[in-house]
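In the form predicted on its own, a lone chain appears below as structure tokens.
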Amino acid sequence: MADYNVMEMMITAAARNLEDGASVGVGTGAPCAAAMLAQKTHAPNLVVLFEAGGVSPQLPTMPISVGDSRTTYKALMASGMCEIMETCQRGMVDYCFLGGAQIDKFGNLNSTVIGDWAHPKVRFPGSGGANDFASFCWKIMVITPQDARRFVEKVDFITSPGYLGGPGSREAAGLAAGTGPFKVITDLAVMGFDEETKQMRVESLHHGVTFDQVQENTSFQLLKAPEIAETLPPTAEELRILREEVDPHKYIIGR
């Protein structure tokens, strides 16, 4: 088995969920690394969109921001934020990657405040384009470390909508049926969402991790998929591409 670290495991697991010919809205960091890895392995025709306007660039190296000139290198379009958000609104973006300080059992994300909104303990940067991505892209993916302070029973503020209060809530809020959280990829497991209850459930465990360990790092009761698999570790080729072509300076995988 090849040696790899937790970040490499998460990026690889995320990349495998992006199929050839799909479209994905990404930011910088691990989501961008996952999209680049997918492009260089099994999904050469993956269309990557950046919030600032880059559409389907041939990324030469890892960009440091969504407005980095590399996000439009040999791109199909160098547009703007309005065009990207309108593309999402028209239902033309399959996946997006999001993160936050808190996530709950329905996949709602908080990147706004901890505590009361008017008098918070901590104030975060807020939404940016995250709410638009979460509202209009078809499938939301999250890459995040797992601990009980982050995986909470109820987020203090819904910055980016998951399944809101459960089945039917997105549709009642005016969002398209069939959209919503898809995968949550952590340093312990890969989780999806139960089709009926819309609650988070464990689908695969990383090598050496037990379900109890995942539950101990979660403040709500996790569901279990009918069969919980072991997450396939990164292959030697995936690691080579990730380390030599995607992130040779280890900006992301070195964390």
Partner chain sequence: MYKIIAEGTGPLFMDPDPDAARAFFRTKPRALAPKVMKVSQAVERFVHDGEYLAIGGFGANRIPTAICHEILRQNKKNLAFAGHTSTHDFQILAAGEAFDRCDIAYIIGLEARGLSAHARRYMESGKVESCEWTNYAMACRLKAAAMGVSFVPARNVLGTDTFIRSAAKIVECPFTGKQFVLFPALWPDVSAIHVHESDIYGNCRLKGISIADLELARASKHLIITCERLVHNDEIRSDPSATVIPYFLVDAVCEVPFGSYPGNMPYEYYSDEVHLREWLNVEKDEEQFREFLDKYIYSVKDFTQYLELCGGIQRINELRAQEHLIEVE
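Numbering follows the first chain given and starts at 1. Bear in mind the structure is a predicted one, so any value in this text is a computation, not a measurement.
Form predicted together with the partner chain: not shown, discussed below.
- Residue-level contacts in the model of the complex: of K198, K40, H206, R70, one residue has a heavy atom within 4.5 Å of the partner chain, and it is R70.
- Proximity to the partner chain in the model of the complex, taken as heavy atoms within 4.5 Å, picks out 131-139 from the listed stretches 181-189, 96-104, 145-153, 131-139.
- Within this chain, L222 is remote from the site of the partner chain in the model of the complex, having no heavy atom within 4.5 Å.
- Though the partner is left out of this view, S65 does reach within 4.5 Å of the partner chain in the model of the complex, counting heavy atoms only.
- Taking the partner from the other structure, the partner chain in the model of the complex has no heavy atom within 4.5 Å of any heavy atom of L76.
- In the model of the complex, P57 stays away from the partner chain, with no heavy atom inside 4.5 Å.
- Highlighted residues V202, A229 and A236: none comes within 4.5 Å of the partner chain in the model of the complex, counting any heavy atom.
- Taking a 4.5 Å heavy atom cutoff to the partner chain in the model of the complex, none of the residues in 8-23 make contact.
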